[in-house]
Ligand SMILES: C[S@@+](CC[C@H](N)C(=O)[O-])C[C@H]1O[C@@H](n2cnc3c(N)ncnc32)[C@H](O)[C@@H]1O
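The chain that follows stands alone, in the form predicted alone, written as structure tokens.
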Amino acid sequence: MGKNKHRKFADNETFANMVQAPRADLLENGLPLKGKWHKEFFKNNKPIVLELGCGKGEYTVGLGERFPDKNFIGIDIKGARMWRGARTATDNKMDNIGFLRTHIELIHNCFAKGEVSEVWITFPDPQIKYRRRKKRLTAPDMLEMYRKVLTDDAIIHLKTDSQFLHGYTLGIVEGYGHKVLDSSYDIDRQKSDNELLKIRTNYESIFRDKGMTITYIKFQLCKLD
């Protein structure tokens, strides 16, 4: 591991906005903050929004800047990448932003039912190979796992360069009776005035430089009987 990574991991230990927990502890006991994010971490009752697979945290920070009336948590397992977002939020004294270093499939060990009101999934690996289909962040099992932490009226956003994942997700959402609130196969042509979609991640910039089209879906999970 390079010196720069060592430095970033050391910094992460000092950031008040960074939460880290060993996988074994989460599986056995859950995160101590589970059910207590409002009271003990943010110290307010503003809605909590997650960015799953946040990378360097550009979207988390960008949303936090635009919506001071909400709390935002970027989630990823790559601590060296998350350092950038945590550093920016710390330097700019953004107290409505946090970062959680964990695997996405463990978020139900980190949040209580109804603790999260919104989710952003930004440029995830589309996991195109059939044998990897369960790893797609909009796969049916993943959506049901998100349900365990979401409010009943929670909104989920998917922003991706992958036409495959865009089409797959529309099929899953409609096929399972969930509700599509908005959809665009090309946000530059169809949603150019949407401020939410103007935030750019490092990956989005790379994809745009390659001439790739950016897509978007906004949806809600159906209510269970």
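Residue numbers run from 1 along the displayed sequence. Just so we're clear, the structure is a prediction, and the values are computed from it rather than from any experiment.
Quick note: we don't show the form predicted together with the ligand, though the next part is all about it.
Trainee: Test of understanding: in the model of the complex, would D153 fall inside 4.5 Å of the ligand by heavy atoms?
Mentor: Residue-level check for D153: no, no contact with the ligand.
Trainee: Any chance Y203 has a heavy atom within 4.5 Å of the ligand in the model of the complex?
Mentor: Yes, Y203 is a contact residue.
Trainee: Under a 4.5 Å heavy atom criterion, is C54 part of the interface with the ligand in the model of the complex?
Mentor: C54: yes, in contact with the ligand in the model of the complex.
Trainee: Does the ligand come within 4.5 Å of any heavy atom of K78 in the model of the complex?
Mentor: So K78 counts as contacting the ligand.
Trainee: Partner absent here, but in the model of the complex, which of 108 to 116, 145 to 153, 78 to 86, 91 to 99 has residues with a heavy atom within 4.5 Å of the ligand?
Mentor: Contact-bearing stretch, as computed: 78 to 86.
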